[in-house]
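Here's a solo chain for you in structure tokens, the form predicted on its own.
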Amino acid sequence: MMIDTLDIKGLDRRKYNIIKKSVGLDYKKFERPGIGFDYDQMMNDTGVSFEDVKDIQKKVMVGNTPLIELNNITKYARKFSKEGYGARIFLKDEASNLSGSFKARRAAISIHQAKKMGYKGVIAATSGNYGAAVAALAAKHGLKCIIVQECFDSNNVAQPEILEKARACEAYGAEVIQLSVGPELFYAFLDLLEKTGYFNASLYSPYGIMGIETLGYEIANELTVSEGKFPEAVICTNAGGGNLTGTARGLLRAGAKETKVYGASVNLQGLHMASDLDFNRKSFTTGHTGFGIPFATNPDRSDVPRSAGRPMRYMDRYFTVNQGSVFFITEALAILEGLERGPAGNTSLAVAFKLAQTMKKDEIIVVQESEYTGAGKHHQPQLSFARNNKVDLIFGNPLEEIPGKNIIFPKSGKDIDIREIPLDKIRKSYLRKYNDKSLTDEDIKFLCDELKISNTNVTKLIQEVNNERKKR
């Protein structure tokens, strides 16, 4: 499918109605005067209760995954901690789900709704694990499935990880439509939704986020039973924001109000995700800043009018880690714990390894997901692909890594390092789109909820944004 064969202007005009018909939600009913919308009403208006979600997932072999204490990884982290420090590291092993990732939780609810509402098939636009999850659950429910995948650069070269995910989707019986990098994906997706009348199994619908709530809920409950308390911190690999949003909502639902929720992304600063040149110069297709930052500053840049993934409503801190450190901790997990898991799912583990060294020994930090690995998802073919694309593989200081030019591995766990992104920096980027708007009290209240700060801080950040604009 080529973009020049699509009716781009027509699809733009019709996109709201196409999406409304394909999701079964009228997003206009959630809109409020000014800039805001009723997020809570949107999340509560699906007709699916939390008990329903748990029951739906249980019936399709999703959820209730093992929560594993990584004793050897913790012991290794304590080698580099001062006396009395080195928090216990736990891993929620989501690779145990049907299809091999936490994305099965999202897909289970979306596909259930598609079947319940009488759709004959489902479509998802994704090059990641979600495609395999949608395909697997569609197969289980007897629905047709199309996965639209951004796959190639202009030389028709695709990353091994993306090709592996396509293989997984096809193994479950899905039709995979592979496109080149650029705007083609969204319009091809809209065109297929309109022509087929299939359900839009969006990552960003309320159904998708509700499916992840069980993940946070399970973590809180399992640790209460085994350890007598909630964890001090839970780390979520952050891309489009749904993973963090759903996990945080589940923790709150279980009563873990004091548990801190941290985001973690691979640092790909300098690489543009829609660039044909940069497309194959990165070694991670998700869980990186190329998605994490744009979706944090503008969550509604998704395939639905209002995204249910709102990471800034729930995030307490945000960290980045380099590619080399994630590959290092991937090998450490296999060698020390006998768990071979996909590198993208280990982004949070690399951050947890460093943060645990700053926390007390009796504290608990949870890495909330893992993913399956194999074929192109394994880190060895990813590194071979990087070398073939003239990316240097070297040992040294991870913080000196330049994405697209080199991958720097730490010589030992001692050298793993992370950077924190100040949340106010992201909040100010979010607020820049309201530079010239006159905001009402209701607008300010909405921004307080969106950015998890007080009225005073919203006003302060808006003033800083305006002052910075005047200086430019």
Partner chain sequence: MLVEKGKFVRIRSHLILPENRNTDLPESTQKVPYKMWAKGYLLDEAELYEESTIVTATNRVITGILKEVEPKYKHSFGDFVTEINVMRSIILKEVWGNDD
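Numbering follows the first chain given and starts at 1. The structure presented is a predicted model; accordingly, all values stated were derived computationally and were not measured.
The same protein has a further form, the form predicted in complex with the partner chain, not shown here; the description that follows concerns it.
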query	finding
The partner chain: the contacting residue among K229, K361, K79, K116 in the predicted complex [heavy atom, 4.5 Å]	K79
Answer option from N389, T196, N221, N397, heavy atom within 4.5 Å of the partner chain in the predicted complex	T196
Joint contact, P160, V181 and K411 to the partner chain in the predicted complex, by non-hydrogen atom at 4.5 Å	yes
R317 within 4.5 Å of the partner chain in the predicted complex, heavy atoms	no
Residue contact check: S154 to the partner chain in the predicted complex, 4.5 Å heavy atom	yes
Heavy atom of G376 within 4.5 Å of the partner chain in the predicted complex	yes
Proximity of P381 to the partner chain in the predicted complex, heavy atoms at 4.5 Å	yes
Partner-proximal stretch of 146-154, 93-101, 341-349, 235-243 relative to the partner chain in the predicted complex, 4.5 angstroms, heavy atom	146-154
Partner contacts in the predicted complex for 415-431 (non-hydrogen atom within 4.5 angstroms of the partner chain)	none
